[in-house]
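Given as structure tokens, the chain that follows is alone and in the form predicted alone.
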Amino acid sequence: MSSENTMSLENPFNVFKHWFEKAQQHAHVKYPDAMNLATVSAAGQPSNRTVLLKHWDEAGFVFYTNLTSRKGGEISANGKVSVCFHWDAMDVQIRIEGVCAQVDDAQADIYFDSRPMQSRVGAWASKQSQPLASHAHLLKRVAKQSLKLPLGKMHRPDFWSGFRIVPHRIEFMQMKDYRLHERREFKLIDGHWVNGLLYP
């Protein structure tokens, strides 16, 4: 692929690093870390939403959430997920499929402590995905939590943590005119990444 000419294609994480860094530097990519996450309910109903990539390495791609939210519940019942990055300004798309594993408490604590105070209070106040009477009711819960919680060190709620998506398939697509896109698929087979091109 044209964006990969100078890179080894033996490891998809090399390609991801190259593309992600370009997206972070691109003036017209507002949220390079935004990825659409798809999960499946116990009844087989898929759902998706945008979450933010907070950490990645060759062990996987990490995001954080309320564990009692819809996505948290669906992941707990079925850890198979997929995410998609679409950077329109760069005409590229990355699709990742894998299995979620909850991050350890120490990693979740470190990230929670790095969040702005209001975001930490919001994590305590929000009953994510549950019915809400009004936005004013949410603001009242936030205000009440602000009074209850300590101003300094605020411990992470037990119901809030992160998931690491451990990938077994990663696809990179460079969009071209007339739908003659370049697609390269990496699949993890017997502990090794193998790759090849796909028809667009």
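Remember, it's a predicted structure, so these values are computed and weren't measured experimentally. The first residue of the sequence shown is number 1, and the count goes up from there.
The same protein also has a form predicted together with a small molecule, omitted here; what follows describes it.
A.B. asks: Here the chain is shown alone; which of 52, 142, 132, 40 has a heavy atom within 4.5 Å of the small molecule in the predicted complex?
C.D. replies: Spelling it out, the residue with a heavy atom inside the cut-off is 52.
A.B. asks: Which one of 155, 70, 26, 169 is close to the small molecule in the predicted complex, taking close to mean a heavy atom within 4.5 Å?
C.D. replies: Spelling it out, the residue with a heavy atom inside the cut-off is 70.
A.B. asks: Indicate whether the small molecule has at least one heavy atom within 4.5 Å of a heavy atom of residue 174 in the predicted complex.
C.D. replies: So residue 174 does not count as contacting the small molecule.
A.B. asks: Decide whether residue 93 counts as a contact residue for the small molecule in the predicted complex under a heavy atom distance cut-off of 4.5 Å.
C.D. replies: No - in the predicted complex, heavy atoms of residue 93 and the small molecule never come within 4.5 Å of each other.
A.B. asks: Residue 64 near the small molecule in the predicted complex, any heavy atom under 4.5 Å?
C.D. replies: Residue 64: yes, in contact with the small molecule in the predicted complex.
A.B. asks: So in the predicted complex, is the small molecule close enough to residue 128 to count as touching (4.5 Å, heavy atoms)?
C.D. replies: The answer is yes: residue 128 has a heavy atom within 4.5 Å of the small molecule.
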